[in-house]
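Coming up is one lone chain in structure tokens, specifically the form predicted alone.
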Amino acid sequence: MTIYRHFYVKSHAKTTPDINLKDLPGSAGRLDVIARCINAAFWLSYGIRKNVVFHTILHGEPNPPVYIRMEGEKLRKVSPDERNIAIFIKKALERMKEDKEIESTPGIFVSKKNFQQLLEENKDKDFYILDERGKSIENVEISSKPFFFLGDYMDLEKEEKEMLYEYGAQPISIGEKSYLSSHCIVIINWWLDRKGF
């Protein structure tokens, strides 16, 4: 049985496709952070992780929220560099429909879903919030249906955390230092690999 790893990273990136690919950290609303997180979630040295699903909700202006999901099994033609990943996010924003989810390119899905809807649709999974003050991942029995939540360069909002706790989320820590979101994902992938997931 394939054990899927789900990652959610909240994004403050802009929600229109007029993205300046030469300025991902600035005018695109730190789209570079999400691109690095996507890279960390999927790419190995000579391939891509098929058992990863990456979720993000873009909260930037002018049309939030925009929900984007990437499924490793179906991804095609995406390269690991930030600019290429941003191009595929741009395509998703160009092809988005207000009233339904569409597959903008193979393995990439876009819709107007909000955080509450995301949690409700995935309530069959076990939620983990990355928190420096949480229980050490070394002492947590990670389930076979893990879904990890973290912020981009800003933490999740208090209200979002409260919603997660209502769904039984567990705060877990990979250390007392505050690591980059993309590095957190790499560490979690490494830990799950080590555990044979």
Ligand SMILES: C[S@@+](CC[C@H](N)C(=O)[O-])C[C@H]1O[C@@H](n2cnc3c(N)ncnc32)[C@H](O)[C@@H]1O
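Note that residue numbering follows the sequence shown and begins at 1. What you see is a predicted model; the values in this text were computed from it and never measured.
What follows is about the form predicted together with this ligand, which we do not show.
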How about L21 - does it come within 4.5 Å of this ligand in the predicted bound form, if we only consider non-hydrogen atoms? no
Looking in the predicted bound form, any heavy atom of M154 within 4.5 Å of this ligand? yes
Report yes if any heavy atom of S173 sits within 4.5 Å of a heavy atom of this ligand in the predicted bound form; otherwise report no. yes
Contact flag, E132 vs this ligand in the predicted bound form, heavy atom cut 4.5 Å: yes
If contact means any heavy atom within 4.5 Å, which of 144-152, 47-55, 65-73, 24-32 contacts this ligand in the predicted bound form? 144-152
Contact check, 61-81 vs this ligand in the predicted bound form, heavy atom within 4.5 Å, ordered by sequence, gives none
